[in-house]
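Next comes just one chain, in structure tokens: the form predicted on its own.
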């Protein structure tokens, strides 16, 4: 593989027309936590991984067996990209494009990004709200009909911003689901909220009891990854997501 390239390697046949979900390290690790919980509830299996010299030279050990930290999981037509290592800001563009190009080749029915959107005084919220953005007006209206609140104005920064931007250029329908979240603190409650939104869209009834009960355990387990991710978030200027664009036409 040439230097600076991103390769998506399939170790099992994935097939065409999947629903592709991305849960990459970002604000509050919301997407990452959400995808791991989803994988445990719908019995996802590992079917591939993402490889690049742009990513940290890291493997994760499961039962003494080294695995890529950036894996592809599957349950039926549901495919999820999840990374257990922070993605360098310098690699976000190529990683995002590689995922979108791969989804296009697979003729994905839908591309859904799961993440958090930072809010001030998050600790005052009993239940984080979930907002959505979509690649077309038709999809926005469909989301409204399903009871999903739309993020009418704001900035998106980072991998899900690029995925949302690129998807229509490759003929894909894309949805971004963002839960109100702590900026630099793992947020399982936000992950539970975003999974509720995902369930409305794809017709899944996801058991969230365990996710909410084990919130503190998850926060402790994820704190080191959150610290590494925070440094990359700063490079991506994620704090801009607090802002409202000054001009709106």
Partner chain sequence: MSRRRRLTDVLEEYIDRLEEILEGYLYDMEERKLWHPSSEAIEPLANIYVEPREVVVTVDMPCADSESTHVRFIDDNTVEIEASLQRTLDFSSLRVTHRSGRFKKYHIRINLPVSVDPGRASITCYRNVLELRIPRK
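These figures come from a predicted structure and were not determined experimentally. Numbering follows the first chain given and starts at 1.
We do not show the form predicted in complex with the partner chain, though everything after this point is about it.
- Within 4.5 Å of the partner chain in the predicted bound form, a heavy atom is found for all three of 121, 186 and 230.
- Residue in contact with the partner chain in the predicted bound form (any heavy atom within 4.5 Å), chosen from 139, 98, 150, 125: 125.
- Comment: the partner chain is not present in this chain, but in the predicted bound form one of 45, 217, 205, 53 has a heavy atom within 4.5 Å of it, namely 217.
- The closest heavy atom approach of residue 235 to the partner chain in the predicted bound form falls within 4.5 Å.
- Interface membership of residue 36, defined by any non-hydrogen atom within 4.5 Å of the partner chain in the predicted bound form, is ruled out.
- Although the partner is absent here, residue 223 sits close enough that one of its heavy atoms falls within 4.5 Å of the partner chain in the predicted bound form.
- Contact with the partner chain, judged by heavy atoms within 4.5 Å in the predicted bound form, is confined among 73 to 81, 166 to 174, 125 to 133, 140 to 148 to 125 to 133.
- Taking the partner chain as positioned in the predicted bound form, none of the residues of 127 to 161 brings a heavy atom within 4.5 Å of it.
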